[in-house]
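Just the one chain here, laid out as C-alpha cells, in the form predicted on its own.
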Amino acid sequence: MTTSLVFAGLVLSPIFGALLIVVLALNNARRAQILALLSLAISLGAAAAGIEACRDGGVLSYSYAGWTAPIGIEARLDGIAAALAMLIAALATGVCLYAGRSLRAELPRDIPAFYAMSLLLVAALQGMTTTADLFNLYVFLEISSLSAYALIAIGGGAASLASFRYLLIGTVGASFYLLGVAFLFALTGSLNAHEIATILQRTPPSAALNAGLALLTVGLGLKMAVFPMHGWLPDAYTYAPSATSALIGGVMTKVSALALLRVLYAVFAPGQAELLPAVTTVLGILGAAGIVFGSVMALAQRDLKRLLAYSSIAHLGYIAVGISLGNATALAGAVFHMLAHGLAKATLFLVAGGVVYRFGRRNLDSLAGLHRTMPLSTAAFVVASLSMIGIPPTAGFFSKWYLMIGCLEAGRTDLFVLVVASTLLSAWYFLRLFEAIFFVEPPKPRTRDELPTAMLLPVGAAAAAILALGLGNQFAIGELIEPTPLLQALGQLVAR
C-alpha cells in the first residue's frame, strides 16, 4: 500500500463513511452500521500497513495536495503513531459492531447519528495521531471534541449535562492550546512541528517561548484529563451510552497524551526552553496525585461505570508520570500503557454495557452471579481487570514494568514506590468487583444468558488483544515504540 493510501485510509475513509451515512442511511440504523464497518475496515487495513512500514524505526511522510512543509501540511507516521492508529481503528470497529444491539436497548432514537459521529471522531483522532502541523492538530482536536460532545449528549438526561460540562472545559483547553500555537508561530514563523524544533535550537530563551510551552501543556493536559483538570471525565464516562464510553474511554485521552509527549520532547527538546524542567516536574506531581486520587475515588464508587471512570483518572496519571520522566524507557512505558489501558478500559466498558443490556442496571449489586449468567463476558472482564492491576502476562503488567524501570533510571524511587503501591489499590477495588461477580448470590436465581454474538465478539476480541499485546510486548516495544526517531534521540541524549 502506497504512503498516500495509508494516510487516506486512516483519515479520509472515516470522513467519507460519515458523509455516506448522512446521505444514504440517516433513517436506517442497520445500513448506517454496515457503512461504518466498511469504512472502518479500510482504516484498519491502512493501520496494519502503517505498522508494517514503521517497524524498526521506519517513518512515513506525506504532504497534503503536494504542498511540502512549511507551506503545506505534513502528515507523519512513526512506530508510536502506527500503534496508536491501530488501537483507534480496531476499537472503533469493535464498538460499531457492538453498538447495534446496545444502542437499541439504551437509545431507541438517534442511532444512525451515532455511527456518523463515531466515524468523524475516528477521523479526527487519526488526524491528530498522524499530523506534524500544530495548527492542523488543533483543527482535528476540535473535530474530535465536537464529535465526542455529540456522542455523549445523545444519551439524554444527565448525559446532556455531562456533555455541556465537557464542552465548557474542552473549549478552555482548546483555547489554551491555540494561544500556545500562536506564541510559537510568532517566534518561528512556522506551524510544522519539526521545523519549529529546528528553529528553536537557535532561538534564545524568552518569556514568549515559556508562555507557549505553558499554554500548550495546560491545553493538552485538560484534554488528557490530567488531575486536577479531570472534572469533565467522570460524568462523561458514566452517563454516556455504553458504546460511547468504550470508544472515548479507550482512545480519546490517549491521543491527547501522545500530542503532549510530542510537544514536550519533539518540539521543545531538552534544553530549548527554560521552563521545560519545571513543566515536567509539575506534570509528574500531578500525575502522581492523579494516581492516588483516581484509585481512592474508585474505591468509593457503587456505580460500575463511575468506578471505571475514576480508575481511568488513575491510569492517566501513570501515563503523565511516564511522560514527565523524559527518559526513553519511561516514555516507552507511557506509550505502551496508552495501548494497554485503551484495550482494557474499552473491554471493561463493553462488559458494563452488556450488564446494562441484560439487567437494565449498572450498580455493583447487578454483578452478583455474573459468572453463571454471562461466563464468557465475565472471563473477558477478568482478563481486562488483571491487566488494569498489572498481572502477567497481560499488557498492563509490561507497561507498568517499563514505567517502574523508567522511574529507577531517572532516580525517582518515590515514583517507583507509588506505582507499586497504587497497584495494590487497583487490586483492592477490582477484588471488590470479583467478590460481587463470584461470591455474591443474586436475589433471584439467574440462568445462563450470554450476550448476543454481535456484542460478545468485540468483547472477546478485545480481551484476546490484551493477552496478545502482553505476550507480544517485545514486538510492540522493541520493533515499533523504542526504534522511533524521538525515543532514539532521547536515548542518545541520556547516554551523553
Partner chain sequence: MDIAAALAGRFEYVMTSALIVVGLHGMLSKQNLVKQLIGLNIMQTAIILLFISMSVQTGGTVPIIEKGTANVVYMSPLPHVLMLTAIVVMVATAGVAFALLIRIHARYGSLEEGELLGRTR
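Positions refer to the first chain, counted from 1. From a predicted model like this one, the values you see are computed outputs, not experimental measurements.
Another form, the form predicted together with the partner chain, is not on view; read the next lines as being about it.
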query = So which of 281 to 289, 158 to 166, 404 to 412, 331 to 339 is the stretch with heavy atoms within 4.5 Å of the partner chain in the predicted complex?
reply = 158 to 166
query = From the list 356, 275, 266, 178, which entry has a heavy atom within 4.5 Å of the partner chain in the predicted complex?
reply = 178
query = Which residue among 425, 146, 105, 382 has a heavy atom within 4.5 angstroms of the partner chain in the predicted complex?
reply = 146
inquiry  = Can you work out whether residue 300 and the partner chain are in contact in the predicted complex, taking contact to mean some heavy atom pair no more than 4.5 Å apart?
reply    = no
request  = Determine whether any heavy atom of residue 154 comes within 4.5 Å of a heavy atom of the partner chain in the predicted complex, and answer yes or no.
outcome  = yes
message = So, residue 186 and the partner chain: in the predicted complex, are they within 4.5 Å at any heavy atom pair?
response = yes
ask   = Does at least one non-hydrogen atom of residue 171 fall within 4.5 angstroms of the partner chain in the predicted complex?
value = yes
ask   = Can you tell me which residues in 133 to 150 come within 4.5 angstroms of the partner chain in the predicted complex, by heavy atoms?
value = 135, 138, 139, 142, 146, 149
